[in-house]
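Taking the form predicted on its own, here's one chain by itself in structure tokens.
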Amino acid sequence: MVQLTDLSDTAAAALLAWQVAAGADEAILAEPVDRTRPLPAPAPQPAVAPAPTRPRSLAEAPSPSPSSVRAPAMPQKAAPPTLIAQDAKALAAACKTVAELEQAVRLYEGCGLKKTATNTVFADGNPQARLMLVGEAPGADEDRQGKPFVGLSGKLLDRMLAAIGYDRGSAYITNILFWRPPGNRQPTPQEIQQCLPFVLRHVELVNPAVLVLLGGTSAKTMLNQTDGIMRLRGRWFEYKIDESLPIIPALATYHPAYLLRSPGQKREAWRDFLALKLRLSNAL
């Protein structure tokens, strides 16, 4: 018989793991067992009544009581993404004010990110401002506080705005997503489509003079582009939801979180914000 003390630590651990996998989940029992004694005779089993014979007619067949009859449960199917997007579009279109839109977003259950998030992160700043900035998604700090751009990237954004004479009292800030993706992962196209109708209606209701898109996800989504942020940043676009609405100048630039990871790109972002300052001066 192999003793564990005769084996190396690795071999002993492997042997114990094999025993656990085989079902040996106890090293000893609560009481000693005498293996030399014969096993006790099995207890007599109660006699099983014979199966009832088939009734001679349907009238004689016993009818089940109502409480014992249960209809089979219908399988629950998740709504297709297109239906969820259509539902969100209808909800967003019905909102006449930013306050109504915020309430609709908080009640919306069509995005699975809401189930894992702590708070809904709608917007921050002045909805009457002429400058509106759209980021990507809330992070951990934003999820805890329920406001966009309140972590390290938010502090950097505040300094960037202050450099051109703006702050959260004269700007309005939101995101493409209203709930944090777990682990700050990249949002999926489906999650973006589930929130996008509210974002588009958000911009329509605020109707800013200038729109700034922070990061690749925001820029590609709002501008319907496939190029990355390296190609889009520093460029002005004509943003409009449909032909009946006025054109809004839109500038794509780096996300503050990216600038924290790549401080060498701050010079390019500073050029973008100088161009933003000039465009705002002309718009006002």
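Everything quoted here is computed from the prediction, not taken from an experiment. The numbering used is simple: start at 1 and walk along the sequence shown.
From this point on, the text means the form predicted in complex with uracil (URA), which you will not see here.
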(message) If the cut-off is 4.5 angstroms on heavy atoms, which of these, P208, G125, G139, P197, is the one near uracil (URA) in the model of the complex?
(response) G139
(request) Identify whether uracil (URA) in the model of the complex is within 4.5 Å of every residue in the set R130, Y166 and S170, based on non-hydrogen atoms. (result) no
(request) Evaluate F149 for contact with uracil (URA) in the model of the complex, applying a 4.5 angstroms cut-off between non-hydrogen atoms, and reply yes or no. (result) yes
(request) Please run the contact check for R233 against uracil (URA) in the model of the complex: heavy atoms, 4.5 angstroms, yes or no? (result) no
(request) Mind telling me which stretch in 101-109, 130-138, 199-207, 88-96 gets its heavy atoms within 4.5 Å of uracil (URA) in the model of the complex? (result) 130-138
(request) Enumerate the residues of 96-126 that have a non-hydrogen atom within 4.5 Å of uracil (URA) in the model of the complex, in sequence order, or give none. (result) none
